[in-house]
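First comes one chain, alone, set out as structure tokens in the form predicted on its own.
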């Protein structure tokens, strides 16, 4: 039997919605008379039920604003659900955007230590991984320069190199796997496959259907904060194209 590493039960998440001055004044007046009410809220996630096994690679697709990134950030603990339950067995790491979790005034080498510490690793361990990370990132001549001098692609390459080298139990990737030249993209994808072989779990958001179809065991399609469907890559990609008309 496969080992379960992640489970979400009836997860709901809502965000405050911008409101006008008149609405804010009304709520303040109501609060003064002891009749407080919460401001308008928009749905981020609704009715999310999901179980993921150790070693799976799960792809998430959907239109912009469908809840893909919100789901990843909720799993990572950045957003706290309004209701429902999330059970995680192991360490998670979120790669989202470029330079997230890094300090622009520190060098690339110093940021490797910083990012590693955020993932719970001792400095001595990161020292032992340093040369492998630098070599994989192909940033040798820039590694002792401040991060603020890096391009967006270089920052993302550094983050991918650290996260995949230290191999968290559950790696969450949001649209950064396709950075770099074709050679780096290919090596990054192979590193993800190696993580699967080592029974690590990967959940990634991407618009690259070809990549997802190649490396994912299952896929999820998000729509308006809900899981519209879940299944094999062919099934989910087919459902997406059908919905697009």
Partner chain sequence: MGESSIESPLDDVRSPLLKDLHPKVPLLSAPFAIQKNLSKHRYLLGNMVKRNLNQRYDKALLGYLWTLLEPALLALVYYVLFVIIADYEDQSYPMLILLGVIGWGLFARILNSTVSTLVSNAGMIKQSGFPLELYSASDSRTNLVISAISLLTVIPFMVYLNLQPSSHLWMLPVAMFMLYLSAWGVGLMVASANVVFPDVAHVFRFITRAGFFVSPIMWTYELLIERAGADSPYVDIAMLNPVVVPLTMMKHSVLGTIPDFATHHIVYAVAFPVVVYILGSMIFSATSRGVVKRL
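Rigid core here is just the name for the largest C-alpha set that superposes within 1.5 Å across the two forms. Predicted model, so just to flag it, every value in this text is computed and none were measured. Positions refer to the first chain, counted from 1.
There is also a form predicted in complex with the partner chain; it is not shown, and the following applies to it.
Asker: Taking 5, 79 and 231 as a possible spot, do all three reach the partner chain in the model of the complex with a heavy atom inside 4.5 Å?
Answerer: Yes.
Asker: Choose from 43 to 51, 205 to 213, 184 to 192, 59 to 67 the stretch whose residues reach within 4.5 Å of the partner chain in the model of the complex, heavy atoms counted.
Answerer: This holds for exactly one stretch, 43 to 51.
Asker: Can any non-hydrogen atom of residue 163 be found within 4.5 angstroms of the partner chain in the model of the complex?
Answerer: Outside the cut-off, so no.
Asker: Given that the partner chain is not shown alongside this chain, does residue 227 nevertheless sit within 4.5 Å of it in the model of the complex, heavy atom to heavy atom?
Answerer: Answer yes; at least one heavy atom of residue 227 falls within 4.5 Å of the partner chain in the model of the complex.
Asker: Taking any heavy atom pair closer than or equal to 4.5 Å as contact, tell me whether residue 122 reaches the partner chain in the model of the complex.
Answerer: Within the cut-off, so yes.
Asker: Does the partner chain get within 4.5 angstroms of any non-hydrogen atom of residue 144 in the model of the complex?
Answerer: Because no heavy atom of residue 144 falls inside 4.5 Å of the partner chain in the model of the complex, the answer is no.
Asker: Just one of 110, 175, 169, 138 has a heavy atom within 4.5 angstroms of the partner chain in the model of the complex, so which one?
Answerer: Filtering the options by heavy-atom distance leaves 110.
Asker: Within 55 to 74, which residues have a heavy atom closer than or equal to 4.5 Å from the partner chain in the model of the complex?
Answerer: In sequence order, 56, 73, 74 come within 4.5 Å of the partner.
Asker: Core-aligned, is the CA shift for residue 74 between the shown form and the other one 2 angstroms or more?
Answerer: Residue 74: C-alpha displaced by less than 2 Å between the shown form and the other one.
Asker: Cα of residue 122 displaced 2 Å or more between the shown form and the other one, core superposed?
Answerer: Yes, the C-alpha moves 2 Å or more.
Asker: Please check if residue 145 moves between the shown form and the other one, taking a CA shift of 2 Å or more relative to the superposed core as movement.
Answerer: Yes.
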